[in-house]
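The data below hold one chain only, encoded as structure tokens and taken in the form predicted alone.
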């Protein structure tokens, strides 16, 4: 009898290596990058960029095979790590966004004489944390994944160590990030003390709909911690300086992949850990959404630097993504709200990465980040001006581009709640959509109607990697709007996994 108990206690856990294949491939790629960086000569450091890109493409293969298999929901480690349709859609998004970031970074990093090995190590490590986040269903694994993706991002923001703005960006991001993590961890510790479990399903079952003061405080602290990660107002102060001071590819990475990971973690915790606590988190999301989109749009109107303007634009877009969550606690709205969030994240990723690809191409010629430097862009770079027009129109929500469908899904989930608070937030969102066109339209006016500032109409040099990035993001932005069935399909997959497989 004792030997049987001992054998059971010491038996190895059953591990589904197919389910963990994306994480394993990324981990192997990170180790390979470290070894290559250590042993190859400086003149051959160029090989590190192809290794990073092929690692991300290789990690995407098991995501495809898992999505095509009939294995259903794969639950590992007593349900603390789950691979379902929701996690696969988001893992695919992270890996493809990471691949575009590699394309944006390739020439920028090489020409800037940065430490390429360390750069790719940090980017892939952060992406590994994001991929892990999509499957985490336990407070500990969520927090570890969050720090795994955040700590490399702090260092990437300060990558230009001899640039005072980059140093300021990294310090602000780090200090405020640590503060937010402490608040979130305190909330998680309260949840563990209340429920005696770190597993989200157990926490959700224990909390139910019975909200005492201490339970409400625990839920509120966790939500506030994630509000920083998604740069929701009033926890957004790090974003403008960090976006402006960080290298442009890092800014693109933070504005898309890092923000998406924050939303993924937030949605997972709310839907699995706090499904019966909507009276606590739903009003918080309403306030955060209204404040975030309004403050982001108003502040963006005042900006003259395009990256800083996009920082406030990113904040405002986060407010639109929060809109469905402000109604997710209503009867019958939870699944459509989740579908709307995932749909918006997919469209936003393609569009925003495309904007930064255009910025990098134009800045090579103008050597300026001012909006006025885009004057007359159509006269000497009509292709870039056309693509920038598509991206700006998509962010503004103008049909038939991808952004309009993301906003449509968000408003649709609000209206389906059929209560006055949801209608009020929809009106606020509609007004903000109109306001947003003010600063998106200012860029279009510069490109199409203003003269070239310095009279230099020489062509814009565009590297092959940027051309590929522009082709991917431009095609995705256009197709997701013209053929919304594509993004609906992935949104439905994620929405159908709304219960997250227990």
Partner chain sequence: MLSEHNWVLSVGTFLPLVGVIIMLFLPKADEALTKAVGIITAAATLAVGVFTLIQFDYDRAGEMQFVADHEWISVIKSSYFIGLDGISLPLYFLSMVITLLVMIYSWNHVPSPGNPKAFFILMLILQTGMAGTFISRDLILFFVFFELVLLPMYFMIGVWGGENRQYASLKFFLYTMFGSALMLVAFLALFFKTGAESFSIPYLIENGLNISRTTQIWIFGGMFVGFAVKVPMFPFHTWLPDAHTQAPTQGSVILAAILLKLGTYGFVRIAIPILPEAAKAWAPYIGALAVIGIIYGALGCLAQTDMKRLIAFSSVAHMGYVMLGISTLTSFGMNAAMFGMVAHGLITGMLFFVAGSVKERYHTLEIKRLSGMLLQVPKLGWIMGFCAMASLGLPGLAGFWGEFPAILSAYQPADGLPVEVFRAYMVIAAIGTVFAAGYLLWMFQRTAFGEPTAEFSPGHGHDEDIHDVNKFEWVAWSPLLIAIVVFGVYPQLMFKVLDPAVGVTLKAFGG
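Residue numbers count along the first chain shown, from 1. Worth saying up front: this structure is predicted, and the values here are computed from it rather than measured.
Not pictured, yet referred to below: the form predicted together with the partner chain.
- Checking 75, 412, 197, 363 for any heavy atom within 4.5 Å of the partner chain in the predicted complex turns up a single hit: 412.
- When you look in the predicted complex, the only residue of 237, 189, 379, 304 with a non-hydrogen atom within 4.5 Å of the partner chain is 379.
- Across the options 75 to 83, 138 to 146, 412 to 420, 211 to 219, residues that bring heavy atoms within 4.5 Å of the partner chain in the predicted complex belong to 412 to 420.
- Mapping the unseen interface onto this chain, residue 396 counts among the residues with a heavy atom inside 4.5 Å of the partner chain in the predicted complex.
- Using a 4.5 angstroms threshold between heavy atoms, residue 408 counts as touching the partner chain in the predicted complex.
- Residue contact check for residue 449: one or more of its heavy atoms lie within 4.5 Å of the partner chain in the predicted complex.
- For the chain shown alone, residue 472 is not a contact residue for the partner chain in the predicted complex, no non-hydrogen atom being within 4.5 angstroms.
- Residue 339 is the sole member of 329 to 357 found to place a heavy atom within 4.5 Å of the partner chain in the predicted complex.
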